[in-house]
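The chain below stands alone, shown as structure tokens; this is the form predicted alone.
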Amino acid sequence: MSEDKFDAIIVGAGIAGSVAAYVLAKAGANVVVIERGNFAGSKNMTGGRLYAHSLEKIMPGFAGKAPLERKVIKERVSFLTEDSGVTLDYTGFRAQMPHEESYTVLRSPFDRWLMEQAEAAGAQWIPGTRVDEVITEDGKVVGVQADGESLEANVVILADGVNSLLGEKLGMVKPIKANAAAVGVKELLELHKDKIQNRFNLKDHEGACWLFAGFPSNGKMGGGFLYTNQSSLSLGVVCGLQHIESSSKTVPQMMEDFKNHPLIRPLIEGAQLREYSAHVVPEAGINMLPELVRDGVIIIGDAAGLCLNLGYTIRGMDLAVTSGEAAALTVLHAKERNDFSKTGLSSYQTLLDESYLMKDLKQYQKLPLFLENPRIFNHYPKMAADFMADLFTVDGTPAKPLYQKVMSCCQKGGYLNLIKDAICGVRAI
């Protein structure tokens, strides 16, 4: 071991790890962050959506300083078939409080900025270094081994992503099951900001988030997404791991077909591919939470499976922020008492339980199982498209009453299935 002993070693400089470092350093703790990439965010491609409430609490007014892309004012959810789409569209122009706002972000510059705030607060930073082992003595985590060097700490905070190999080695994280995760393919498409604003009917700094179900994931559990950035689009497809083997398309093919869908193709016309990435996404919510605390160790962020896919929105970054803050406050409390045992770190679980984070995870704990229903991504998008086509088609034949059109579409799917899925859906949310 080295002579210096840290209050905390944080493995991973994603959002969760950087926030934990910031809160600890700001309180005067001796903390170091070890990141495998050459800089924070180097492995986080394209981008997504940040709900501001959790970071606003820690860094009031951060939105005026951080490299955010666009404030989200447009929400869209579409059900796609091969040649059609039915879209629910909401645009909100009302004034919002800072904690109510959300933004599209590109993780590479955003994560880099967040780590810079932690450094400015006093956190130490070791990039380009992989942590090979978590060191234990008598069952207690006491440090890490990285690049042949051992570093000692009162607490090790694992923020090493959804596939937490270090958590697995400790026996705290179970190997990912196919039904608990999805593979996401993302592209960053460069497009002039004027074209983005014209195509999505946006003004400067206004943004849109658009989610798609059905065709993008080949009728399997998953979907597509599109986020508008200042001068680029984040476009991608997500598909449940357990469905990939039985799918008639590979995930890259799903992505290509999605880009060529008649609803999507005009939106990305002329855009240039700048980044391409794929990664595993946690999907099971509270049902995949690992053991969060042991003697000398805490697990946060994606490593703890903290993600919520509600169909109409996807949340992960705000949960990462909150878990990072909770871990930091737990370490500070343990330091005051000089107790870094599992009992001394148990306030981490308490803080999560008392926050929106665990309450939301519990609220939607039945949703992942409900989304396993293949009719949601296969039959219902087609049913919605067929109904809308029937509703708006005038071909010279006598018009049918509206209720007959509704009943005709429902009959194709089976009334019993509709009733059963409606009941299950209500119970899940």
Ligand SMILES: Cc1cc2nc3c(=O)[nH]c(=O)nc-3n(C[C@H](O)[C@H](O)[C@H](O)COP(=O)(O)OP(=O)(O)OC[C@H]3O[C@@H](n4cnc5c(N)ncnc54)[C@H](O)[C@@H]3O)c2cc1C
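Since the model is a prediction, treat every value here as computed from it, not as a measurement. Note that residue numbering follows the sequence shown and begins at 1.
Keep in mind the form predicted in complex with the named molecule is missing from the figure; the text below concerns it.
> Spell out, yes or no, whether the shortest heavy atom distance between L367 and the named molecule in the predicted bound form is within 4.5 Å.
Because no heavy atom of L367 falls inside 4.5 Å of the named molecule in the predicted bound form, the answer is no.
> Do G48 and the named molecule share at least one heavy atom pair within 4.5 Å in the predicted bound form?
Contact check for G48: yes, within 4.5 Å of the named molecule in the predicted bound form.
> Using heavy atoms and a 4.5 Å limit, would one call A320 a contact residue for the named molecule in the predicted bound form?
It does: once the named molecule is placed as it appears in the predicted bound form, A320 has a heavy atom within 4.5 Å of it.
> Looking at the partner-bound form in the predicted bound form, is K26 within 4.5 Å of the named molecule by any heavy atom?
Heavy-atom contact with the named molecule at 4.5 Å: absent for K26.
> In the predicted bound form, which of 276-284, 346-354, 291-299, 251-259 comes within 4.5 Å of the named molecule (heavy atoms)?
That would be 276-284.
> At 4.5 angstroms, heavy atoms only, are V11, N44 and G316 all close to the named molecule in the predicted bound form?
All of them do, each having a heavy atom within 4.5 Å of the partner.
> Give me the residue from Q242, S247, T136, T129 that has a heavy atom within 4.5 Å of the named molecule in the predicted bound form.
Only one option qualifies, and that one is T129.
> Could you spot which one of I34, A385, L371, A52 gets a heavy atom to within 4.5 Å of the named molecule in the predicted bound form?
If I apply the 4.5 Å criterion carefully, the residue I get is I34.
> Can you name the residues of 199-237 that have a heavy atom within 4.5 Å of the named molecule in the predicted bound form?
Stretch hits, in order: F225, Y227.
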